[in-house]
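A single chain, nothing else alongside it, follows as structure tokens in the form predicted on its own.
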């Protein structure tokens, strides 16, 4: 009888604990439902209408998606997102790894460098963008100044006004603010690597490059793979720097899916069509995340 009573009390205690846990979780779930789930479902439904942003919605089926698949500007924006992804998966990652590896050998004053490289990342995008718009101004920027005083003319061009250079110019500005963030992440991961691994590698005759390849990279692989995944996702959702600096111009030369969605919804008042663009952006994120999950299921452990 006593055992049965103790079992009942233990069961009730576990039940109270579970209920207490749900009481803490439910507010967050409700907030996520209101802020994320419901707007996402509404946006998906909007993609099948011709809504202009005001007034009533008319169901048009797959008309927006058919139009989107024939839209040359959208495909141009999609290609720009792909170029942006390749750009950010190479240069910032390489600079972040190199900078972190060099700083990992510094024992004194390392915190100063961490803060210095991280500062551009925490500055507002508007401030960063306006700073570089001034520096690369074709009339009063560093390009005309270098051309006048030193005869260096390769920067004396309207980078953000050029159809060939606008996208890469904006990507450079975004990369300038972003790569320090990667450096700090990689440096933190490298700081957690067991020092004995490097000592063993040195005893085996490994140089610094071999230590980096065979000790550092495998040890920080979880952080490296995570940043690659996030860069791929962020590259599909990029908006702020492109919109602030060029607005997608000139002549759609720097248009990306995010800016095309914005102009479709708020300048051309085609909210239903913009929602269809948003569906493609969601597919981008889903494909990137799905590829990451697939790699793990195939045994490529991180």
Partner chain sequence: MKARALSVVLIVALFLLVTPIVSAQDEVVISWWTEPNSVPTNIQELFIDPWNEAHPGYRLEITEHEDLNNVLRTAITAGEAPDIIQSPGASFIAEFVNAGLVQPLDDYAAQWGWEDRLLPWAFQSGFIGGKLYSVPLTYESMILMYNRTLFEEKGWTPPTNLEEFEALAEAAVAEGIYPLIYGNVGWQPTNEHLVGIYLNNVAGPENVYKALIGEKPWTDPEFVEAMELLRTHIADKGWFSGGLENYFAIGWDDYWPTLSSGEAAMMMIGTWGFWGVGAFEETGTEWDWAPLPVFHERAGEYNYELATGSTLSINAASEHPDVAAEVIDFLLSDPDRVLDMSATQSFGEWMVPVRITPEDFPEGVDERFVRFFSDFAKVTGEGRIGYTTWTFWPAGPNVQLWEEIELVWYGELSVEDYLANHQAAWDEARAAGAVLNVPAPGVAE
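Numbering follows the first chain given and starts at 1. The structure displayed is predicted, hence computed values, not measured ones.
The protein also exists as the form predicted together with its partner chain; that form is not presented, and the subsequent description refers to it.
Looking at residue 162, you'd find a heavy atom of it within 4.5 angstroms of its partner chain in the model of the complex. Using a 4.5 Å cutoff between non-hydrogen atoms, residue 222 does not count as a contact of its partner chain in the model of the complex. By the criterion of a heavy atom within 4.5 Å, residue 191 is excluded from the residues contacting its partner chain in the model of the complex. At a distance threshold of 4.5 angstroms between non-hydrogen atoms, residue 42 is out of contact with its partner chain in the model of the complex. Note on contacts: among 69, 63, 251, 30, the single residue with a heavy atom within 4.5 Å of its partner chain in the model of the complex is 251.
The candidate stretches are 199-207, 135-143, 171-179, 107-115, and the one lying within 4.5 Å of its partner chain in the model of the complex by heavy atoms is 135-143. Interface residues of 30-65, taken as those with a heavy atom within 4.5 Å of its partner chain in the model of the complex (partner not displayed): 51, 52, 53, 54, 55, in sequence order.
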